[in-house]
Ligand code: HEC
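Single chain ahead, written as structure tokens, the form predicted on its own.
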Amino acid sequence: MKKVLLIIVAILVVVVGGFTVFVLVSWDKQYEAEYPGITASTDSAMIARGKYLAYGPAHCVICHSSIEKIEDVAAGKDVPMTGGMEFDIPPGIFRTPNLTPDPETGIGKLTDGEIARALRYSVNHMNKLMVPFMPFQELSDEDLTAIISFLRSQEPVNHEVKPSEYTFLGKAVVAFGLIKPEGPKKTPPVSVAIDTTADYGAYLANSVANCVGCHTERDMKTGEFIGPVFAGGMKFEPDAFSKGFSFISPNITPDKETGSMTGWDEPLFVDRFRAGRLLPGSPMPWESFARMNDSDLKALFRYLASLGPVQNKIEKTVFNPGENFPD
């Protein structure tokens, strides 16, 4: 019996050792992706559009600044996008890069194509994976150009950001392809008509503001959607920004029984966004969304109102420090 146990232990050691070696050797992969034909512009209107997107619906400034600057963002100040925000989740600690055109610590030495490829295909200038937190794979060519044009126009700020760090779990899910670069699922449009229609609202909700990414239940190890889109259920663990609170995103489909916006009309929706942050620590980037113009907010409301209703009761969305999520 003792001999059998020793054999089992030896087999387990070999299996675990082999698994560990495989992960450590194969996780840091090289990836290929095309370079979009994007060239930054010096046109003032193009730069203004990029700035509006970066500080407004695309909320780049929320992740690429610091917690200490959030109040300045809420006050409408154009906070430099120097990066450094940390996201501590099961796959690792991910830090946002400096997006100012500083040649040493920012994007100053990157080509337009390298920046465009990172945003559209989640592959960086070293052909490495960028965990696809950013929902810009299907951003129009015109808006992608606008954002890069704006980033180029900023004052450079020398601000070194430590590299992101993967946990062993993170390295394992990358090694086995559970997290990998994401490209567009359909051909990105060259341009999009900016109006108040539900069609434009769909573009904002899915390709710019990432409403779908937070208001859909996801597997936090892989990022995969595991619930009906826009029906809520994504869990946000406490972090430095949330002040100890944790959250579950609400259902924003127009279901009359379980939708969180049941009874809302368009003016109320616009007014709510204008009000900005009401609950400290909420993962919703209210500081940026409050800067959206009325036209975009109307388009977004009309799109959400056009969705098929999904019955998904989120019993509680805000949890006090120390409270556990329901099973």
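Owing to the predicted nature of the structure, the values given are computational and were not obtained by experimental measurement. Sequential numbering from 1, following the sequence displayed.
Form predicted together with ligand HEC: not shown, discussed below.
Within this chain, Pro91 is remote from the site of ligand HEC in the predicted bound form, having no heavy atom within 4.5 Å. Not displayed here, ligand HEC is approached by Leu279 to within 4.5 Å at the level of heavy atoms in the predicted bound form. Contact check for Phe136: a non-hydrogen atom falls within 4.5 Å of ligand HEC in the predicted bound form. By the criterion of a heavy atom within 4.5 Å, Phe236 is counted among the residues contacting ligand HEC in the predicted bound form. In terms of contact with ligand HEC in the predicted bound form, the residue from Ala146, Ala231, Ile179, Leu119 that brings a heavy atom within 4.5 Å is Leu119. Scanning Ala202, Ala74, Val161, Leu129 against ligand HEC in the predicted bound form with a 4.5 Å heavy atom cut-off leaves one residue, Leu129.
Across the options 153-161, 110-118, 167-175, 181-189, residues that bring heavy atoms within 4.5 Å of ligand HEC in the predicted bound form belong to 110-118.
Shown without its partner, the chain has His59, Cys60, Cys63, His64, Phe87 in segment 59-90 as residues with a non-hydrogen atom within 4.5 angstroms of ligand HEC in the predicted bound form.
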